[in-house]
Every structure is written in C-alpha cells, then in structure tokens.
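So this first bit is one chain, no partners, the form predicted on its own, shown in structure tokens.
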C-alpha cells in the first residue's frame, strides 16, 4: 500500500473537529491527519449564551478522544506550490492537502456597547444586565453574520430576570430571525411578545452615546445597557486570497490547489457552526475520494438549523438554503420547518454529521 495522504487541518473549532472525524470515518488509514491548533479543547460557543445567567462556563469540546498528531500553534502562511504551511512561531509543516478552518475575528460593530463574543463575554454581559434599571437594548448590527444569539440573550434575560428592566431587540432584520422564513419568524415574534420584549426591526444601531443608542438614521433610543453582537473580520494568511475565502461546492479554495476551507473564514453571508460542519464534510469527502477511498464526494448544500434557547422549551428551526439568492445556489428548495420538538437527532445546537454524535457521546461519558 502506498503512503497515506498527509492532510493538515489548521484550526481548533467545530469545522476542524468535524473534518477530523469525517476523514477518519471516510478514509481510514488512507490519510494521515494532523492538526495545527493552539490546543485540543475549545468552548461550546453556542451554549455560552447561558453563562451570563447561570454563572457556569460554557462546556468544552475536545479532540482528546480522537487519536491525532497535534502541532501546537496557528497558521501564518501557505506556500501552495510547495504544499507547505508556516506557523506563527516560524515552524514549517508539509501537507498533501490542507483544510483551513481558522475562523474569523470578532470585532466591535456598535461602538460603546457591551460586546457578546461568546464565553469570554459572559461576565461583562452579566454585569451590564445587573446594573441596568430602565431599559436594556439587545442590538444586532447589520454586519453580524448570525442573529440567533441576540434573541437568546433577550429571551433568557426576560425569563431569568422577571420584573427587571424593559427589554428591546434592535435589528436590521425586517422580522425576527427572518432568515428562517415566515413561520419561524412568526413563532419568534410570539415568544418575544409573551416575554414582554419590544422588537424594533429595519433599524441599524450605530453606537452608544451616554444613555442612548444612536441609530443609522439618527434616532436616539434610551437605554441603560446595550448588548450587541460583533461583526466578523477575515484573518490574514499570507499565500491565500485576501478577505473571506471563496470556495467551490467541494470546499476547495478557488485558485489555490490542494487547499480547502471550512467555517467562518469562508465567504458567505451566514457564519454558523452547523454550516461550518457541512463545509468540512464536503472537504473531507473530496479528500477521501482523492485518497482512493472509493466514495462519491457530495457537494456542499447548506441546510441551516437553529435551536433557539428561550428559558423554557426551545424552538427548533430548519431551512434549506440551497435555493436562496443570497448564497447563489439556485438548485432546489425545501420548505422551512419550525417545531417545539426536535427536528434532528441528537438535538445539539451544533449539528454535524459526525460531530453531533461525538458531542453527545462525550456528555454521556
């Protein structure tokens, strides 16, 4: 048997772990998988919306149950012609195929607001909510790539702090979570109404000035606290195209042979863990086929799944995005689904063909 194909995966999040699990399942010993990441654990970011209310840190997801060669560090540059990656500490790693899953940077979009960036922000959000007396605004900036957490924070605040300040969601969306379609949006609107949360759509929050939010059209909305989501920025990696990486339907980086990409560092209007795992699967299937596994690689066909935490029964939402103009893939269309009962199993917040079972198995251990 010939030497296994050497696959280097750069990144330490859900896309990277899904790619590891998929390659092991699909290609077995036809590939030698190596991971370039600062560590082998990372926080379960979608669960971190609970932390400002529970005081508990987000649970950790770990690569520890997967045998893998781990290089501690981060990706700095790619020399595609030599099939070589350079790390931030000056190291060099050769590869036959590279999967870039390094994510994006989260930066401030509403100047002066309390920024919610996941686990690292729990204390700041908790403090802002605790000190507010009159009104708290939860702001979704126009540049934000995933809206669901702002609704979870507002609904959990209403549930956990009854009798507290007024709550308002300010968003550029015309309707709540409009990306999931009319049925889901109506369901979220009812949840907001029952919780006493005011919804202000078609409005872009620009900054915080004193005790008010300044909107893009010049309005002032009084608020004791403003909690906002960030906007994503691409990470600069020498040797790869600038900006968010354009990929084809098999997650290959356009114009860079031997390099694939998955996750928030790729181009597209939505940055979400479930979509990241689907991109990782597309990359893994193509690499497994190139390694001689005999599989027929399936292309990336995005399906958006959202599990909305409400403080009571969650809301499950599913929508096939392959027909959306925003993703420029007019191939087919399936009607969206919305339910109080799970629409997928295991009913994890991050849905991955291999990752969901892996996470559920870790919790059961």
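As the structure is a computational prediction, the values presented were derived from the model and not from experiment. Positions refer to the first chain, counted from 1.
Omitted here: the form predicted in complex with a small molecule. The next part is about that form.
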message: So the small molecule isn't shown here. In the predicted bound form, which residue out of 317, 33, 37, 26 has a non-hydrogen atom within 4.5 Å of it?
response: 37
- request: Just give me the single entry in 258, 181, 268, 118 that has a non-hydrogen atom within 4.5 angstroms of the small molecule in the predicted bound form.
  value: 118
message: Can you tell me whether residue 264 touches the small molecule? I mean in the predicted bound form, with a 4.5 angstroms heavy atom cut-off.
response: yes
task: Report whether the minimum heavy atom distance between residue 10 and the small molecule in the predicted bound form is within 4.5 Å.
output: yes
- prompt: Heavy atoms within 4.5 Å of the small molecule in the predicted bound form: does residue 48 have any?
  reply: yes
message: in the predicted bound form, is there a heavy atom of the small molecule that lies within 4.5 Å of any heavy atom of residue 19, even though the partner is absent here?
response: no
- prompt: Within 4.5 Å of the small molecule in the predicted bound form, do we find a heavy atom from each of 148, 276 and 350?
  reply: yes
query: Pick from 72-80, 244-252, 183-191, 196-204: which stretch has non-hydrogen atoms within 4.5 Å of the small molecule in the predicted bound form?
result: 72-80
